[in-house]
Ligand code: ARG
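What follows is one chain in structure tokens, specifically the form predicted alone.
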Amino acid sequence: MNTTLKSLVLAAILMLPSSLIKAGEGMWLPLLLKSLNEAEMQSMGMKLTAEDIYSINQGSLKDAIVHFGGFCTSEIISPDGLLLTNHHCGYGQIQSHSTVENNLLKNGFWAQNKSQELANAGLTATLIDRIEDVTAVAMEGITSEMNSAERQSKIDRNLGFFKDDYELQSYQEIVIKPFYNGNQYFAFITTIYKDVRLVGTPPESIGKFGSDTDNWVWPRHTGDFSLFRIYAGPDNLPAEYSDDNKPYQPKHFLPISLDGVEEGDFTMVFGFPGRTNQYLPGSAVAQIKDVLNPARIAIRDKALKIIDGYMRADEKTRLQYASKFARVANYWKKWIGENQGLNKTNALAKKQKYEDDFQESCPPKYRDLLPQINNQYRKLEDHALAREYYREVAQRNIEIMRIVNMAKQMGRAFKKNGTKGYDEFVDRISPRLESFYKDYRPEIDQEVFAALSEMYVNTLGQKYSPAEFHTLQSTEDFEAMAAELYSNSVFTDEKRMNKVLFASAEVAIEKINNDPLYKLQSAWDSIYKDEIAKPYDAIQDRINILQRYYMQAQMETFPNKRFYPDANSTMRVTYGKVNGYSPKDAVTYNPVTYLDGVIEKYVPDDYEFDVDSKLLELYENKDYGQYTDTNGKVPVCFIGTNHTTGGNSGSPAIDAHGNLIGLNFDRAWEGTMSDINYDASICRNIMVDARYILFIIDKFAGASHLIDEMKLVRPKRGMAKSDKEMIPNKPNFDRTKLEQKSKIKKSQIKEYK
């Protein structure tokens, strides 16, 4: 980013009139909070400073925030590296330790000591050591005369040299990401821990309560949490799994507030949001709403109905497909809510008004930008629809295609390095194949294949279809073809597949190349690359160039408008307030739900709404311990105006004083369009109340030894005389002095009401 544009980014916030501030909007880089956000956050009630949140000189909140597995967020909540994240984030690990005889998903799991904590191969915990603006390095030698490929090539070379010369510790890595559509670049210095163990999880009757029916929905009553622990070598640095490893000792961990939340309370969510596109033009949003989302929804709807029928008929199948079903259903339901939200908030009309204002106010050099972009989206539409169909049908929802693609990689390994390359590849993927077949039912996949292939051909026609589909006319034709393919393919049976894998490399490759599913997928993939991906990528490349200019043009045209970088799986802070909302006429939602609501939804023996007998007993006896609200009820979940997305699952909800008050796990259905159109009227993030988490750990599971690890605080109940003293875990703050002033010691906190 050049100096002028960089100054515009700062000015966009500093010059923002208070009337334009929308509490909760934006995903902000913690590095820039001091200059861009601190004053606003404090005006909303925050008692921390930007240095308390992000510091490289002392422990700060960012040192407790962990990228969990590269796909979720988690946070450290004890001095012994105890990690809190969502149940659905740890679902794959919980499932991997589950069997029909010892079903951790169904029954839960609580390690009684550290020796019982379960290792998870491949699971990582990434900490951010520091963030640096490297825009000047990236843009060195960049000129306006360069085309897109030349520009990106030069940037890649610049950053490659920078990374080669950057001094890292042996345990550190560096990741550089573009921001503002490639107008700015930041480097993230990370430390990745590779020994992460499962400590505890509630049964899915709690951790997944409401399941797919309640997914993306408010009111919510789900205890979506699980506990893991980071282990380190003797020097507290990353180490491969070993019995000799010790619990990680963090620079900072989050205390947990027992005081909970009230409407209007400040909330901060800290994590690794995945992807947003807030600055898309209206033509792109219209294409998503009217063309792509309906296609995605229809495809997944058909696949889910098939899988659901098998899961309801057989408990073993339900266990095998629980995680896969949830993964497919998650975005199916999200896309439905996204479209509803776009319609509810008149998003396209607002985009059009904004673009009209842009056209009227922008410098003459930018007048042709939007017409060019809109024209490119018109050209893209047919290819975009075909692309979504191919990805949803041939890549995401027909399971066996993943194994076929793996077989292609085997062939490439053999072609490149002969038998040695083939053998090394097989050794590497053998655990993945074993895991795949453990939870694979070919008869289910065969039915999905037939149904989705028919949809594909009926929608896209022969142009984008392999020749094998051209003669098929009826549903019965597709079913017959699927039956023949699946019965004759080596990929659909683990024993046949293993027999091929462990033959000689030459024999295996020949067998794979002649496999009917392999031939079909190869033909399908070739059509996709030539007829869909190639023209799509060419148009999208042009759109990306125009979008980069459009981003710069917006900042120049509207210097008083608020701009924040789109999410890209890097560390961000979002802040807002606890707040209810009204999704439609005569309907108003309160911001907090209670254990009473769990009981109201209770349906005995229903896999979505069953309630464990122990939880029923605790409710009937009102045995709640210290984990109640001021009204004597146990809070379960609450909502806020924080701007979140995928990747924020497991992010901590933090109060004004830096304490954990909840665990982010979802968004309200009507506001899922926040990825492309944040609207404060209905966009709400959903969080598990920290007190419900503690209640389940302590009273339900009896795992009080885990509670003893944590630091429980009550910042709202007179623990301190000033705001500064009400920050128990503030860096460099004397906790002993705080305990003396408050006359409440950690050992007494459990009895304090």
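Since we're looking at a predicted model, the values are computed, not measured. Numbering starts at 1 and follows the sequence shown.
This protein has a second form, the form predicted in complex with arginine, left out of what is shown; the following refers to that one.
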Handout entry: Ile306: touches arginine in the model of the complex, heavy atom cutoff 4.5 angstroms
Key = no
Exercise for the section: Considering only heavy atoms, tell me if Ser257 and arginine come within 4.5 Å of each other in the model of the complex. Expected result: no
Exercise for the section: Using a 4.5 Å heavy atom cut-off, state whether Phe225 contacts arginine in the model of the complex. Expected result: no
Exercise for the section: Classify Phe449 as contacting or not contacting arginine in the model of the complex by the rule of any non-hydrogen atom within 4.5 angstroms, answering yes or no. Expected result: no
Exercise for the section: Decide yes or no: are Gln320, Ser435 and Asp439 jointly within 4.5 Å of arginine in the model of the complex, with each residue judged by its heavy atoms? Expected result: no
Fill in the blank from the handout: Counting only non-hydrogen atoms, the one stretch of 206-214, 592-600, 163-171, 306-314 within 4.5 angstroms of arginine in the model of the complex is 206-214
Exercise for the section: Select from the listed residues Asn330, Gln152, Ser681, Gln540 the one whose heavy atoms reach within 4.5 Å of arginine in the model of the complex. Expected result: Asn330
Problem - Listed residue that, although arginine is not shown, lies within 4.5 Å of it in the model of the complex (heavy atoms), from Arg300, His88, His221, Arg229 - result: His88
Exercise for the section: Scan 654-682 and write down, in order along the chain, each residue with a heavy atom lying within 4.5 Å of arginine in the model of the complex. Expected result: Phe665, Asp666
